[in-house]
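Just the one chain here, the form predicted on its own, laid out as C-alpha cells.
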Amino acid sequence: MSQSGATVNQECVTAYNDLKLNKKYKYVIFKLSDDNKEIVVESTSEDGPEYDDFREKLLNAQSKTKTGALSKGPRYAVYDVQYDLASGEGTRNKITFIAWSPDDAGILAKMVYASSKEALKRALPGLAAEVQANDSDDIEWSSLVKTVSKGTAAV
C-alpha cells in the first residue's frame, strides 16, 4: 500500500511481466482509479504500438477533480526503450518507469500520484531507469533516450 492508501491491482503486475518477460507489449500505462484507491492498467501497446501513440496517450490523459470535472491528469508508464549505442557496440534495451505529471494538472491529482508512485515501483521488479516528466519536451523520444542511455545512445 502507498502513502496515499492506493493499492496496486494484480493486473498491473501481470501486464508488466508480459512486457518484461514475454515481450508482449512495448509499453504499459497505469492510472489511479477514479476513487484514487487502486492503481490499474489504463492501456498497453496493443492499443497503439508506436512511440507517438504512447506519447499522445500521456499528453491527452485526464483525471477527475473533486468536483467531478475532467482536467489534465498524471500517469505512470513503463516503456521498453531500445536504442543503439553511439560507439557502434550494439543495441540496448532498458525498461523505463515514467512518472508523467504535467505542470498544468490539478494539484490534488499530482499529490496523490506522487504519494502512490513508490507502491507501484515496488510491485514492478527489474526497472532499469526512471524518468520524471512534467512537460511535452520531457517525453520527446530523443530526450527520453538521452536520459535513459545517460548520453551513450546514437540519437
Partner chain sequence: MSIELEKILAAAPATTRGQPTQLSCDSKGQRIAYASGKSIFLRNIDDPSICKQYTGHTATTTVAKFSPSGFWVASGDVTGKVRVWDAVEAVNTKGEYAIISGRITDIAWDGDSQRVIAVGDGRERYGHCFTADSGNSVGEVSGHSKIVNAVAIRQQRPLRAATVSDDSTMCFLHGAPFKFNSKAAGLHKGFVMGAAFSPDGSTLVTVGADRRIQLYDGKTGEPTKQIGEGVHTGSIFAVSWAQDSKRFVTASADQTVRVWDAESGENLHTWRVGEEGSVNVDDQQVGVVWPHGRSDGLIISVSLSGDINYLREGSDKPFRVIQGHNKTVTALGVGSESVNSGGPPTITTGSFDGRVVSWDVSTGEGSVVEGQSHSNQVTHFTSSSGQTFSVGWDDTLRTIQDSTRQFLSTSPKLPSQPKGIATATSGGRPFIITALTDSLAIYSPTGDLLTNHPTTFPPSSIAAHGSLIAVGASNAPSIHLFTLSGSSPTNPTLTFSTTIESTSPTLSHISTLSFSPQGTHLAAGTASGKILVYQGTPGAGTWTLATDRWSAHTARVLDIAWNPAGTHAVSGGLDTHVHVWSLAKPGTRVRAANAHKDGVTGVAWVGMKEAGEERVVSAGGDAAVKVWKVSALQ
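Positions refer to the first chain, counted from 1. All values reported here derive from a predicted model rather than from experimental measurement.
Keep in mind that the form predicted together with its partner chain is missing from the display, and what follows is about it.
Examine K64 and determine whether its closest non-hydrogen atom to its partner chain in the predicted complex is within 4.5 angstroms.
No.
Please check if K24 has a heavy atom lying within 4.5 Å of any heavy atom of its partner chain in the predicted complex.
Because no heavy atom of K24 falls inside 4.5 Å of its partner chain in the predicted complex, the answer is no.
Please run the contact check for S136 against its partner chain in the predicted complex: heavy atoms, 4.5 angstroms, yes or no?
Yes - in the predicted complex, heavy atoms of S136 and its partner chain come within 4.5 Å of each other.
Contact flag, E140 vs its partner chain in the predicted complex, heavy atom cut 4.5 Å:
Taking the distances in the predicted complex, the answer for E140 is yes, it comes within 4.5 Å of its partner chain.
Using heavy atoms only and a 4.5 Å cut-off, decide whether all three of D52, R55 and D104 touch its partner chain in the predicted complex.
The answer is yes: all three residues contact the partner (heavy atom, 4.5 Å cut-off).
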